[in-house]
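Single chain ahead, by itself, as structure tokens, in the form predicted on its own.
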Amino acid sequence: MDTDIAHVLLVGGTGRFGGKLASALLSRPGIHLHVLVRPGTRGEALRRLEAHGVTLVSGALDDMRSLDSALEGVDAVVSAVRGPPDVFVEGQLRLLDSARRHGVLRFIPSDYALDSADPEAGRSFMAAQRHVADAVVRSGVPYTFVSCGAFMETALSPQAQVFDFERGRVSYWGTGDEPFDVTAMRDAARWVAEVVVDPRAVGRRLEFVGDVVTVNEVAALYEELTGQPLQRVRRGSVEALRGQLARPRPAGTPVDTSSAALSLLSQLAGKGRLRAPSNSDYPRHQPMSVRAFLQSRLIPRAPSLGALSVESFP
């Protein structure tokens, strides 16, 4: 792929998914990675990044002068920002404004979730994503949006309020046969690293899916792989779930509060599914299946069936 993109600034690179993005971008030949870090930030993760040739740039999303300095000489910006509106929305809008003034060749905002173009998808919790996306399109900055459904690491953990393997139970709405899209963080990061240097991706909303499963299928896989039964608990109808998701959220609730649960539950309610995956556009990358994920992440880390929680996932 011919590209003029060599210097990429990653914002949010010290977070859980941001760390996967940093690794994926570092693996791309020809990319020099810059990571924005708040002034005074220290830690082993940053030392490892520096050891791999990453340029650490001091700056903050609420400091426009530091953003302008960080974007000097940068060709593309990849955001993995999470947090309340003053961070996720206002912070990314400042980042976008600086990117526009510096003439960056690509801007990938923090999304990586449901189809934000679906007006019924997570009406309240996706409002921030839509606000940022609309601003990105209006800005004139070349962009790419990347959606990956729900992350396996969180969707298949108690954090998402459906799978609680530690207690040996699974909660569901409807029949348990409602499909949902999940992608391992590592795979989502690898796709982003390909997309950011691909000129074919400019101005597009790209969807990537690691696997499509149902609650019943995941439960059956777990039982097959562990030999341990799971209790199924029906929480109500799909219509009841939709009503629950449609209730207004309290003012000031952070954007990422229960985002793992909302990304999964919205899909179980039939909202925000990814309908046109672009996996085939990048055939050299074969994503991890849910079966492989359970085999590699759950079973080896559990001396017994207990002690499985969100901390069990790297």
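From a predicted model like this one, the values you see are computed outputs, not experimental measurements. For every residue, the number given is its place in the sequence shown, counted from 1.
The discussion below concerns the form predicted together with a small molecule, not included here.
- Stretch-level contact analysis of 166-174, 84-92, 68-76, 133-141 against the small molecule in the predicted complex, using heavy atoms and a 4.5 Å limit, identifies 84-92.
- When contacts are defined as a non-hydrogen atom within 4.5 Å, all of F17, R38 and T154 contact the small molecule in the predicted complex.
- Proximity to the small molecule in the predicted complex, defined as a heavy atom within 4.5 Å, holds among A150, L206, A189, V196 only for A150.
- Residue in contact with the small molecule in the predicted complex (any heavy atom within 4.5 Å), chosen from A80, V218, V162, A201: A80.
- Contact check for Y222: every heavy atom lies farther than 4.5 Å from the small molecule in the predicted complex.
- None of the heavy atoms of F180 is located within 4.5 Å of the small molecule in the predicted complex.
- Taking non-hydrogen atoms only, A113 approaches the small molecule to within 4.5 angstroms in the predicted complex.
- Heavy atoms of L274 never reach within 4.5 Å of the small molecule in the predicted complex, leaving it off the interface.
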